[in-house]
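As a starting point, one isolated chain is supplied in structure tokens, in the form predicted alone.
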């Protein structure tokens, strides 16, 4: 994966410049709230997927659709702003969450502004009008499914019998579909045919699910100074992640951790899950999904960009923050 870090750094630099121009430099308190989380950083992975998918279909086409790449980052950020409100989280990317820094109504409106501007930027891409209509439709459907996934996730809070199948369906909607849309939109705007668009969409879907599974692992294992988030928040809240589901299937009682946890408590939970083989099993599930995503890409011609997409999939399940 030697070229991936430099590629991601280049994409992040480009997207950060666009964020400064189109969001940070705007005046007004609501604009500041809307730009807050965007400007707090991020790996800009979804824009990278948009651009690589485009260049896999038509080399060099990513330069024409930078606004579409930005649109996917803005969409992602809108979901984070609203997620933080629903979860009442106070920290995101090492910065105060929007509703914490301002207030709840401003946080809701800031997320709404980002949602609207995402579609504005998607329409600013240089592509054929019919391709842009298909891209807008794909992003709109993804946002619809993200909301459904978030609702499923919230409904799980009141249950202790969530199955692995239900969890994977929730993650597909909440996280997978936006990565799928990123890859699919890149392919559409670059003029990809039906086979190419479907292959890249399915690639994004599988890697997106793997990404969320790894995120659940990171929530447990990675300290806040590295992740920028509260460690073990899922454990404290009793969220029905794949880790928790597999632990329950093995007869582990994690309810004792649904309270304020000290670092020693968190380490005890990690040891319990490690000794039972839960963490390794969940990691394998994510790794298998990435292998499946690479099979989807096999219908595309070999290229540097296709390899970078495969490298991103591997990165999704090996990252620690």
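Residue numbers count along the first chain shown, from 1. In this text the structure is predicted, and so the values were computed from the model without any measurement.
Quick note: we don't show the form predicted together with a further copy of the same chain, though the next part is all about it.
Check 78, 137 and 150: does every one of them have a heavy atom within 4.5 Å of a further copy of the same chain in the model of the complex? Per the other structure, all of 78, 137 and 150 touch a further copy of the same chain.
I'd like to know if residue 275 sits close to a further copy of the same chain in the model of the complex, meaning any non-hydrogen atom pair within 4.5 angstroms. Outside the cut-off, so no.
4.5 Å heavy atom contact, residue 222 and a further copy of the same chain in the model of the complex: Looking in the model of the complex, residue contacts with a further copy of the same chain do not include residue 222, since no heavy atom lies within 4.5 Å.
Taking any heavy atom pair closer than or equal to 4.5 Å as contact, tell me whether residue 106 reaches a further copy of the same chain in the model of the complex. Contact check for residue 106: yes, within 4.5 Å of a further copy of the same chain in the model of the complex.
Looking in the model of the complex, any heavy atom of residue 161 within 4.5 Å of a further copy of the same chain? Output for residue 161 is no: heavy atoms all beyond 4.5 Å of a further copy of the same chain.
Of the options 169, 120, 249, 237, which one has a non-hydrogen atom that comes within 4.5 Å of a further copy of the same chain in the model of the complex? Selected residue: 120.
a further copy of the same chain isn't shown here, but in the model of the complex which of 101, 226, 198, 141 has a heavy atom within 4.5 Å of it? Looking at the other structure, the residue within range turns out to be 141.
What stretch, of 110-118, 177-185, 89-97, 199-207, brings heavy atoms to within 4.5 Å of a further copy of the same chain in the model of the complex? Answer to the contact question: 110-118.
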